[in-house]
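First, one chain by itself in structure tokens, the form predicted alone.
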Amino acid sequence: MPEINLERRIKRHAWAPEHRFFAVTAPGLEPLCAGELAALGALDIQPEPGGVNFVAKLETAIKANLWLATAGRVWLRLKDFRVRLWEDLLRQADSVPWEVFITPGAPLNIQVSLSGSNLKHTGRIAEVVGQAAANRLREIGLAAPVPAEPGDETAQRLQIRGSDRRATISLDMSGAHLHKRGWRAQGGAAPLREDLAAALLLHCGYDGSMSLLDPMCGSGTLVIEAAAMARHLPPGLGRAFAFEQWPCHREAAWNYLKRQAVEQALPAPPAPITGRDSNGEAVDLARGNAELAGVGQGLVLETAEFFAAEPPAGSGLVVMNPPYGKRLGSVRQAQDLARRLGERLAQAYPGWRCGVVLYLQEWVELLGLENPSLITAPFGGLHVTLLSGTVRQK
């Protein structure tokens, strides 16, 4: 059995080089995610449908998992290669430094996706790549990974994608979907997904410097995301990630990144953030979720009815995810609500910035916003519209 210096291999194959990564996003959010990656120092950023390719050192990709608000997952590209023959897959799989990234003896979930590829037979592809990883670990005296049982959330996820004459072998860095921030105890009725809430805020240009009101806050997703942004707190601070189980993981460096994030965060939002809802139980739920998320301090959460309550003093940004679909009973009722929202905004919030999650794009005109800007994204089996604009002055 050959003697190996695993730490040297880790430095050579994991920490020293730049790698290619792919950040998965909901379709429509790619430009926002690309902007986040640029702010983190990623290189060669290339948005494409469903995500963003980028180049970075491993430490930057770890920061991306911690800080990205609009992404769903980050994949490390272990191999990206041209496929002419079956032997190309065998050679590339054998050349991966599996011992650096795959935990010995741990369950491994291998997924295969083909689209017009020279490669065929997804089951055989998964078997060959899994065997390559097992052989490599056994050769250096480590326990081989084992096939994951269906539904095993602890398994490392490996993905092989073949399209035309190219293929990639990628390893999941994130684990659970990144919209799962780790704080949600109970969602309430039809909670807005966190990555979409963050996307709406970014689409509206929110950076914490302006007052914010969500008059239909429900379980609090929008105000919680806003509070984290305003205080410069990373979305992933309260959760675990798949890369923490990798052999190349450096716990001390990871703890330093998290500690650094906490130390540079603001103790409270620089401008007021208010969440209101006509349902007192929803407000209580939002308050509990905000405490779990660590952003309760500085938030104002109160029971109030949007069509009757006066707006907060001054102006700022009003954002909302109005009820629609089954929560209202019919599409017509949702359309009528959109019209009433536009009338109330014009009456009470002239000059405010505004962001709204709309059930149907053709209702944009009902809101009557100036300079409307739209993003369409999938949510809950639908395609919703994230609308940003300015409420018309009287």
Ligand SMILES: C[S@@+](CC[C@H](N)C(=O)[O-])C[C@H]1O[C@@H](n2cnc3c(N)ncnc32)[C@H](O)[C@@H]1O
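Bear in mind the structure is a predicted one, so any value in this text is a computation, not a measurement. Don't overthink the numbering: it's just position in the shown sequence, from 1.
The next section is about a form of this same protein that is not shown, the form predicted in complex with the named molecule.
Of the candidate stretches 121 to 129, 77 to 85, 241 to 249, 275 to 283, only 275 to 283 contains residues with a heavy atom within 4.5 Å of the named molecule in the predicted bound form. Although the partner is absent here, residue 234 lies well away from the named molecule in the predicted bound form, with no heavy atom inside 4.5 Å. Interface membership of residue 323, defined by any non-hydrogen atom within 4.5 Å of the named molecule in the predicted bound form, is confirmed. For the chain shown alone, residue 191 is a contact residue for the named molecule in the predicted bound form, at least one non-hydrogen atom being within 4.5 angstroms. The named molecule is not drawn, but in the predicted bound form it has a heavy atom within 4.5 Å of residue 304. Comment: the named molecule is not present in this chain, but in the predicted bound form one of 145, 215, 269, 316 has a heavy atom within 4.5 Å of it, namely 215.
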